[in-house]
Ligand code: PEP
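First comes one chain, alone, set out as structure tokens in the form predicted on its own.
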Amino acid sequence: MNKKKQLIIAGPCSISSKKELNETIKNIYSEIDFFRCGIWKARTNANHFKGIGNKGLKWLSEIEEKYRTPVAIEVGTPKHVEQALYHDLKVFWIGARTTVNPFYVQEICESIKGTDVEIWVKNPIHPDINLWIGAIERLKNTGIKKIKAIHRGFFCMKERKYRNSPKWNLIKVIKETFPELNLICDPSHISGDKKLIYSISKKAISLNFDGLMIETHANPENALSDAKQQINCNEFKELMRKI
């Protein structure tokens, strides 16, 4: 297995309380490079939990300062960017539903132009590699220097084993197009089932990915989004030990 140091990103799909947030980060911060957390959730069903919203930004700003661990959140609109910057949060990712639309990506580019932020770009839902490349190029053209690509798998009607098909062959194109970028694997969204996270993580490391993004929650069984694919803090520590 490749022995290079992996970037480790972990945290809950979303949070529903300050207590839940603090319980999660206090147990994993020493093991991670970035803490990921959903504040606004782009849900297919309008009646599902849409995230804690703006009040969670203050909580995240507080834990970033307390634990000296950079916090990353998903942004889908220029308003999200504005509100996050107001709370001094500066690491954002663009989700699969946003990457798919060049209009959305361009609006976010305009909102971060001239700022010292870091942006991660998840692949689009469907396996259109040009949309992924195009989103990254828009950010580069805006002058953003700190960019990472996140592989979270692709929707496929025929997929049975995973929530999202990894389509590992497409990743070679991204690596060749942007050899200077860190390429991160998101086993949680590929698998859709925490039982598969180790095997996917191991595969990603064997393919020379630069890091992993693992959804981790203090109490996954009580999570209001993606409960099945999140691991608890002890499971996360065991995963880190194994890889």
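Nothing here was measured: the structure is a model prediction, and the numbers come from that model. In this text, residue numbers run from 1 along the sequence as written.
Separately, the form predicted together with this ligand exists; it is not shown, and the next lines address it.
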Thinking of 18, 58 and 87 as one candidate spot, does this ligand come within 4.5 Å of a heavy atom in every one of them in the model of the complex? no
Looking at 135-143, 168-176, 112-120, 96-104, which lies within 4.5 angstroms of this ligand in the model of the complex, counting heavy atoms? 96-104
Could you tell me if residue 189 has a non-hydrogen atom within 4.5 Å of this ligand in the model of the complex? yes
How about residue 13: is it within 4.5 Å of this ligand in the model of the complex, going by heavy atoms? yes
Taking this ligand as it sits in the model of the complex, is residue 80 in contact with it (heavy atom to heavy atom, 4.5 Å or less)? no
Contact label in the model of the complex: residue 36 to this ligand, heavy atom within 4.5 Å: yes
Could you pull out the residues of 126-162 that have any heavy atom within 4.5 Å of this ligand in the model of the complex? 152
